[in-house]
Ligand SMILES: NC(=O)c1ccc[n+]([C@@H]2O[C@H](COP(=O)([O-])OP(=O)(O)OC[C@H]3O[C@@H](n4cnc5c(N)ncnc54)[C@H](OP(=O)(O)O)[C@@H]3O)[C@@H](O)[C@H]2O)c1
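Let's start with one chain on its own, the form predicted alone, as structure tokens.
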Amino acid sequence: MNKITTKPVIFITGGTGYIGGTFLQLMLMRDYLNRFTISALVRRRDDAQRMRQLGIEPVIGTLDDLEIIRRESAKADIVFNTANCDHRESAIAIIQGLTKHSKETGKRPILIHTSGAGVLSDNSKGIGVAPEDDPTATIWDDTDFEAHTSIPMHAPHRFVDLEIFAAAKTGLVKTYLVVPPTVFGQGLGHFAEQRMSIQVPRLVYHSLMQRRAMYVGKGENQWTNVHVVDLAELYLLILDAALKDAAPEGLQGFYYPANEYFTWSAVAHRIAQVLHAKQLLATPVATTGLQSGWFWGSNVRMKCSNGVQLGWRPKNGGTQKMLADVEWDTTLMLRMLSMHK
């Protein structure tokens, strides 16, 4: 008599989005459906139909449907939260569901949660020095968990990250915190290929609204970037290692998917060039004048030591590719604006 085996269950939030959709497509390309039962939270019924066609079980709902999220998380062995790093209530619901799963099965489920590098940012008002020119420059390393856990409460995304830390401390859930910097590039698959990232497209939008491209202060402040496909690869590496208890977890389980540094003035100048070529700006040169803040006026420089130890290597390009892809970001933004006229 053949023994019936049940495949582990993965539940994904944000599976129709930019990061989650790319990650989902990679799982399909790598035949993860043969190893796992995969379900995904979706808002629209046509997206649900497409999910079924792909072999993924759709769960109709939003991040505000907390009981649905608790229920699906309780059924799951692994949850990927890629939807909204500032939606605290849904993160709590996921943790509650996974905690129930742990208590009922005696097995520790896996939570891979997406935060954001804004939590590491400083409000430097456009001032920055390249790390190779400043040995005192702050470079966040994901192996320095004590530095990360000491970040003050007022930092962006921190109020949700603290919920993940609290879950880790119970010992009932294996938690892994992914902290993406500026994500760029065209997403993969039906759901993600027409989706936008946040920071660069939003600066394109701001430039269109102000009729000029701008940067904060001198524009010398720097962030780190990562291509969305390289980011998705890291999620898979964390998953595979977590299943073998071979990845840092809990209060040591931080992952900074870092590739190369760039300055925000370089991005602004590239946006000016692209929009000028499309006859949407009068000049191809960006200027100072953008209001400061953690988004475009700060420094975030990081390295992915934990990811590298798992075998992660960015392969889809860095700053040069990101600047080239401003053309794609602009295309998506103009398409979105034309749809809302």
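Predicted model, so just to flag it, every value in this text is computed and none were measured. Residue numbers run from 1 along the displayed sequence.
Note that the form predicted together with the ligand isn't included here; everything after this is about it.
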Using heavy atoms only and a 4.5 Å cut-off, determine which of H101, H269, H148, R195 is in contact with the ligand in the predicted complex.
R195
The ligand isn't shown here, but in the predicted complex which of R30, K278, R43, R313 has a heavy atom within 4.5 Å of it?
R43
Answer yes if any heavy atom of V160 is within 4.5 Å of a heavy atom of the ligand in the predicted complex; otherwise answer no.
no
Just checking whether P248 would be counted as a contact of the ligand in the predicted complex - the rule being heavy atoms within 4.5 angstroms.
no
Look up in the predicted complex whether N84 has a non-hydrogen atom within 4.5 angstroms of the ligand, and give yes or no.
yes
Is G297 part of the interface with the ligand in the predicted complex - any heavy atom within 4.5 Å?
no
136-144, 258-266, 209-217, 107-115: which one contacts the ligand in the predicted complex at 4.5 Å, heavy atom to heavy atom?
107-115
Contacts from 173-193 to the ligand in the predicted complex (any heavy atom within 4.5 Å), listed N to C, are P180, P181, T182, V183
